[in-house]
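Okay, so here's just one chain, in structure tokens, the form predicted alone.
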Amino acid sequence: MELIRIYRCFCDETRLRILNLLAATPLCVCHFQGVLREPQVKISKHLAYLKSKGLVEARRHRNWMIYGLPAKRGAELESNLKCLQDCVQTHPVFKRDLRELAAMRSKLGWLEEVCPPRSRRKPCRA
């Protein structure tokens, strides 16, 4: 059942783009809006769907909800997220998203204090 739930979440481009960004760092809806260039309502609906299926967690920090990948991930999810990361390396939309995120990094100082990028491997303190 875990695998079916994962693939249902993976069958939408916006959700794939969200998961790809979350593999780099936790984000709030406003950051997704800036990178994905999609309306808040659309992003929030996709985040709610991913959260209901267990692929995304949310933490409150002051006025913001910070979304990230689950701290504890099953082997199926971990494998599929790695596959996603490998597969999107040459896709222009996903490459643009990561460039936009990198450009936005300087504006995420407050967020990095709360949820450091995955490379630092510290848990979020929300």
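If you're wondering where the values come from, they're calculated on a predicted model, not measured in any experiment. Numbering starts at 1 and runs along the sequence shown.
Omitted here: the form predicted in complex with another copy of the chain. The next part is about that form.
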Out of the stretches listed (52 to 60, 22 to 30, 38 to 46, 83 to 91), which one is close to another copy of the chain in the predicted bound form, meaning heavy atoms within 4.5 Å? 83 to 91
According to a 4.5 angstroms non-hydrogen atom cut-off, is E76 in contact with another copy of the chain in the predicted bound form? yes
Is C11 close to another copy of the chain in the predicted bound form, meaning a heavy atom pair under 4.5 Å apart or at it? yes
